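The chain below stands alone and is given as structure tokens, in the form predicted alone.
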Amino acid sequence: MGGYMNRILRVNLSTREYSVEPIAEALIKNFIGGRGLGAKMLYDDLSAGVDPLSPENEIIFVAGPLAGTAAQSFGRWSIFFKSPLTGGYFQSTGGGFFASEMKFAGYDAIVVTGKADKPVYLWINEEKVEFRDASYLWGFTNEETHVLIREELNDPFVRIASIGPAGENLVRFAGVFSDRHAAGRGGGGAVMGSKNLKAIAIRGRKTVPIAMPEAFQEAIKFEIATYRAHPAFESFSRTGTQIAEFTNLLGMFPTRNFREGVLPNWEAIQGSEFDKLRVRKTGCHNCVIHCVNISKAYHGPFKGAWSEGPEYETIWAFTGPIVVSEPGLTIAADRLCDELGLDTISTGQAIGFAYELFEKGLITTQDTGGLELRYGDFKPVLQLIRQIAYKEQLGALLSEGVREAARRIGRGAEHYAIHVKGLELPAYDPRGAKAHGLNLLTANIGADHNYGYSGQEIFGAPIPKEVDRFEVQGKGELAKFNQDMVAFLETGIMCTFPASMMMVNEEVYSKLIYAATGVEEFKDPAYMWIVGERIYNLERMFNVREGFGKKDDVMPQRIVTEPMPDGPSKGQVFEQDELLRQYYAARGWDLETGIPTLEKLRELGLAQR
């Protein structure tokens, strides 16, 4: 088969041993690779009840079968682990060049378990695997770590995935970073920190095999033509995901800890304003969209600050939750989170949560170290980010995530903790787009927008049909459609940004994956949908094994009971019960428990025999 290097590297940090094994042909045919491969390995390897921060937990790095090839938008790597933030299954995905380098080194996946007796980093140079001392790197930022490792290895082309101080300190939403690209959500950085694993450095010179080279080149031409013909291509290429104007005009830009849906003076953070701050453009391996921006603040209190991005979620995270429309703050906060190793979404939402608690009198300056947390005042933000990364003062509490922080505070703080399954909500108020919200409610990893992005409601994409974003009927089927589509595209692993805008579909993907691998089953676009649904149900069963079910598919009460007070989504609530009923019915899951039925598992080939 083409596309695969047919090698999985397994590393035990406790014993400092490693082994290489092939990928079973049945695993490839049933799950294709990428997300399917990672989910299946994690499901098979872990027993129920494993402590996420114990040596028994795994962190699995996976590159898809199309990584390292000329196929567009497949330069993504995913990490799979049991989350210290949610206690359930987790997948987090980053971009850049790390995935391609994994393939060039000859690996489809790297599985890490155990715990080193002192800080180490892995140096993987094709067949050569070394456990190198990282004691001197402990405490350094991500950028410093990358510079020092490349100097030590005397190779500027080494690709590195590392953690910052937040991961070392076991912040439950610490991420893993590679050249300023983050697999940020869910606490993968804390899992690495718990293993005393500072980084993985990798270098390779191999070529990814292609089963049918001529057909593959034709498929790539078809993919690029599909991209360029899409009406969103030019704007997406120019601004990336800087779309604050879209969600404000829809009245679903979460403001004041999800109390409101429009940010005052939102025009100051729209895409055209960030255009003025662009230094240059960059992108991930082999992607003509080239959507990444390097931004710099030229004026104001954050003059001189720069970052790669910021993307939409980060723009929101340091504006909406605290009611500030200062682009310079977002740029500075983005850079600081990247260096310290924090997920910007959970960090920004945790800070917004603290602002509301301060307003309500549930915390005071005694808790914050003297900081006054007042809406509209951005001065405490950078200090709070450092407090979280180093678990100091209020940051020690916020570093646990809003669910656990609220539990410890008590006195009704739980009402202000905006999360699903322990994962803080991203930059979309569910009241303004019902299928989009339904995805946040039911995504296997918690409230993640990319798991089943409703481009139909946000951008008006007419696939499979045009919809009314406020309409409730039919949204169960639509959420399932979006989630299954993302699941099969991430077997590649394809970037979900062009997928969310419906720039690709199963026909495009089937052409690429079939030509690359030569696997006959992949030739049929309908097969992609079966694989997507199979992966989604397997992930659900991981969580069921951990005790998750309908009781965990719960929106914050604010979203369900408090109508949006103003703006274009005024009066809307999230109709949780009806939407969830539709969704379970569309999935073929038990309506009372939210658990996949035996009939559904048999249909998908997942029932134990």
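Start at 1 and count along the sequence shown; that's the residue number. Note that the coordinates shown come from a computational prediction; the quantities given were computed from them, not determined experimentally.
A second form of this protein, the form predicted together with a further copy of the same chain, is not displayed here; the remarks below concern that form.
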Q: Please state whether all three residues Glu151, Arg180 and Gly304 have a non-hydrogen atom within 4.5 angstroms of a further copy of the same chain in the predicted bound form.
A: yes
**Q.** Sole residue of Asn265, Thr365, Ser135, Ser272 within 4.5 Å of a further copy of the same chain in the predicted bound form, by heavy atom
**A.** Ser135
Q) Considering a further copy of the same chain in the predicted bound form, which of Lys128, Lys118, Arg280, Lys276 comes within 4.5 Å of it through any heavy atom? A) Arg280
Q) Using heavy atoms and a 4.5 Å limit, would one call Glu392 a contact residue for a further copy of the same chain in the predicted bound form? A) no
Q.
So in the predicted bound form, is a further copy of the same chain close enough to Met212 to count as touching (4.5 Å, heavy atoms)?
A. no
Q.
Is Glu234 near a further copy of the same chain? Define near as a heavy atom within 4.5 Å, in the predicted bound form.
A. no
Q.
When the contact criterion is heavy atoms within 4.5 Å, does Gly361 count as touching a further copy of the same chain in the predicted bound form?
A. no
Q: Go through 321 to 329, 350 to 358, 151 to 159, 459 to 467 and give me the stretch that gets within 4.5 Å of a further copy of the same chain in the predicted bound form, heavy atoms only.
A: 151 to 159
Q: Note that a further copy of the same chain is not shown here; using its position in the predicted bound form, name the residues of 289 to 306 with a heavy atom within 4.5 Å of it, in sequence order.
A: Ile294, Lys296, Tyr298, Gly304, Trp306
